[in-house]
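What follows is a single chain, given as structure tokens, in the form predicted alone.
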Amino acid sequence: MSMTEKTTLEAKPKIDKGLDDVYVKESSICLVDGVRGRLLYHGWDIRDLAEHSSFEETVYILVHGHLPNKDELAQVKQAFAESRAIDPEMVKLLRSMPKDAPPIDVLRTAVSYLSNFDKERDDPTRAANMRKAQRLIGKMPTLVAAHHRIRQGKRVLPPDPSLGIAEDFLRMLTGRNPDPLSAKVMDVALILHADHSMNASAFAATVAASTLADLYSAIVAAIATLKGPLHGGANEAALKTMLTIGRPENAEAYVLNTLRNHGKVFGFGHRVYKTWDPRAIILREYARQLSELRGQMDLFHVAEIVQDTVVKELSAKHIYPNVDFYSGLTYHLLGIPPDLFTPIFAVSRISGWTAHVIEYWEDNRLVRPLDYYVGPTDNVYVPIDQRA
């Protein structure tokens, strides 16, 4: 019996395209409850963390699995502050990048280059990986801010260790100290994006890590995956939609026309959530507050009308706003250009990436899935001078 005949007789395996129903590991890091619209980091609800915590404390929770006491929180804040500075050689690399290079591509290259300065890069111990994670988390905001200043022809600002990560990131990015609301909103945005279970970029990092590649290599794989518009770039598209609509009175007709023509309204729907994304609900309120502070309510009203129209029209499909819908508007109100939205996603999500990789290494197994072959099996090789 030929292989083709044998394959025909065998039952075709169930193929989960997109791995929707496949579990790749046990984890205590993050729970995404798509039915009840809950997001938990080690059991703590994202709504409580957004209201009461800080990004630094959230990172501690993700990596260590418990709330820090005062001394532990002070130590982690100091460690991140000391890790924030980047080497002059790194600044030189950022200056050498083409001026039109996408910031997410620059960040991917910078993280890869950064590994060459870490003497512990190839140390596989948990303690060394925890220190590498700390350094990566600390340096990511500085890399993004430094490159942005360089492409604007402005002076690169060194980190201020007296400030928290979110506040200092805005300062290094814009060149001015942010107002209290802006600093709080940036901190909350980082908390909300810190982890989201086994998403595409976390899975990519895990796959790379499963080969026992170093932590930097795993993070480069994650950044490359995050770049895709189906993952990290949707908030840019959502903001572009709002800016295209422009005025609240245009919003409902725009949505109805888009849906009528089978178009996509970006920032809606999720592979896991079948109800409201809790992150979107939190950011909607902060987008409203920022809009009021700036005296710029039109885009927020556009967002509200788009949201209400989509939810009403697609209620049977359980389509609701996701975090991208309001994060793009929020960053816009903070004065951040759209091509920085995805790098900022990485600034936050690196905490989840490193947590998942370190957790996976505790019981590592090389990720090696199967594909179901459907091609020919009896082709005969013909020398080139005998081919038609």
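Just count from 1 along the sequence shown to find any residue number. Values in this document were obtained by computation on a predicted structure and should not be read as measured data.
In what follows, reference is made to the form predicted in complex with acetyl coenzyme *A, a form of this protein that is not presented.
The single contact residue among Thr354, Thr58, Thr342, Asn322, judged by any heavy atom lying within 4.5 Å of acetyl coenzyme *A in the predicted complex, is Asn322. Arg271 is the sole member of Lys154, Arg126, Lys240, Arg271 with a non-hydrogen atom lying within 4.5 angstroms of acetyl coenzyme *A in the predicted complex. By the criterion of a heavy atom within 4.5 Å, Gly267 is counted among the residues contacting acetyl coenzyme *A in the predicted complex. Acetyl coenzyme *A in the predicted complex comes within 4.5 Å of no heavy atom belonging to Ile245. Using a 4.5 angstroms threshold between heavy atoms, Pro102 stays clear of acetyl coenzyme *A in the predicted complex. Residue contact check for Lys317: one or more of its heavy atoms lie within 4.5 Å of acetyl coenzyme *A in the predicted complex. The stretch in contact with acetyl coenzyme *A in the predicted complex, judged by heavy atoms within 4.5 Å, is 228 to 236, chosen from 165 to 173, 228 to 236, 144 to 152, 180 to 188.
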